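First, one chain by itself in structure tokens, the form predicted on its own.
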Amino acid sequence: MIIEPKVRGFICTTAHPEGCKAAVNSQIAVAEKYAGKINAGKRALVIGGSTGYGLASRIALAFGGGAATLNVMFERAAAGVRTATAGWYNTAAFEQAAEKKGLYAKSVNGDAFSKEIKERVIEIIKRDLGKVDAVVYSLAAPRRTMPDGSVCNSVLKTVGENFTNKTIDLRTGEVGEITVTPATPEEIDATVKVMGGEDWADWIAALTAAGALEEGALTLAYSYIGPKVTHPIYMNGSIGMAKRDLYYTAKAISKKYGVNARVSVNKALVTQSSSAIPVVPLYISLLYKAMKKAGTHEGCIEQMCRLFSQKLGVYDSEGYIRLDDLEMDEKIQKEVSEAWKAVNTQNLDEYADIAGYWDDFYKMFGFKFADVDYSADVNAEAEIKEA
């Protein structure tokens, strides 16, 4: 079949297998330059390792550090005229490349929040790896089914009061204003349940109880802080409440289970999650412009390779790993702040990298790669040998 991008809202409902393979292979090429420089674990569990920072973590650990990797994902295979998800194609491409390299690489497809998937993963670890010495928790989910069967949904809202600021309609390029309303206490609690640290702690508890986690193992979760302009909707919003819980969870599980649990504060990038947050896409497009001009722009794989080769053991006063240091550079933030004040619909191209934003968006789903023939008939099916 010939596969074209079909965009609805902030997601693309199709994905291209050859394009996703090109994306994965380009990240592998970056990671291989770090061979011998990454030593963050040799047997890694990546929870949420099929897209974004989770996928980049898996690639960096495997192709930069030679690690065996077990991935937990929640993806969909192709069916009839419907393509697989990008995460499915990414995983298939990664595991094909890993097999050629002689690297252990397997995946479990299912709900990472569930007890059943945790038990299945532990069974595989004990059978194949004995124990893991690194756990990356990079789960991005809009909802979570709790043990009692109830469902918690996360929300993208402020806390306490309305927030009005600039935003952009990425489809039309129109810069306008948006008002985001505050979350209720129940919505905040649900968002923390979905995006906070509770499930991360559950994973570490289950792995430890089963004897599947090395003493002193490294475990990482990812977060974002950002500049003041995004604080009401992010750092101090409902998502921020969840990320704060992640921070306190890291301290708790380090103390209780004898692991090195850390939160890495990463750079703002185009992801399915960030595309859905009001205000943030406009900020990202201004940031891209400034950082590309300065020569400091990084994608997911550059971030993760720098994390694992340079940043482990380097913490700020609160214990965070600050991988957002280049984004938060004073000169970059001054330029972005000035652009934020000046940008409007008419001068958008002067201040914002909208083309770069859309390029990253489409590439998440395997489109816009120069060396892929999108007019060619391709097989939408891709095999993943689940563990």
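Everything numeric here is computed off the predicted structure, so don't read it as measured data. Numbering starts at 1 and follows the sequence shown.
Same protein, other form: the form predicted together with nicotinamide-adenine-dinucleotide, not shown, and the subject of what follows.
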Discussion item. Within 4.5 Å, heavy atoms only: does Ser223 come near nicotinamide-adenine-dinucleotide in the predicted complex?
Written reply: yes
Worksheet item: Though only this chain appears here, would Tyr248 touch nicotinamide-adenine-dinucleotide in the predicted complex if you measure heavy atom gaps against 4.5 Å?
Response: no
Worksheet entry | Phe74 within 4.5 Å of nicotinamide-adenine-dinucleotide in the predicted complex, heavy atoms | yes
Practice prompt. Would you please decide whether Ala268 lies within 4.5 angstroms of nicotinamide-adenine-dinucleotide in the predicted complex, comparing each non-hydrogen atom pair?
Written response: yes
Fill in: Heavy atom of each of Ser50, Phe113 and Met195 within 4.5 Å of nicotinamide-adenine-dinucleotide in the predicted complex
yes
Discussion item. Just to confirm the contact call: exactly one of 146-154, 208-216, 259-267, 165-173 touches nicotinamide-adenine-dinucleotide in the predicted complex at a 4.5 Å heavy atom cutoff, so which is it?
Written reply: 259-267
Practice prompt. Using heavy atoms only and a 4.5 Å cut-off, determine which of Val159, Ala141, Ile125, Met291 is in contact with nicotinamide-adenine-dinucleotide in the predicted complex.
Written response: Ala141
Worksheet entry | Heavy atom within 4.5 Å of nicotinamide-adenine-dinucleotide in the predicted complex - the one residue of Thr230, Gln96, Ser309, Ser273 that qualifies | Ser273
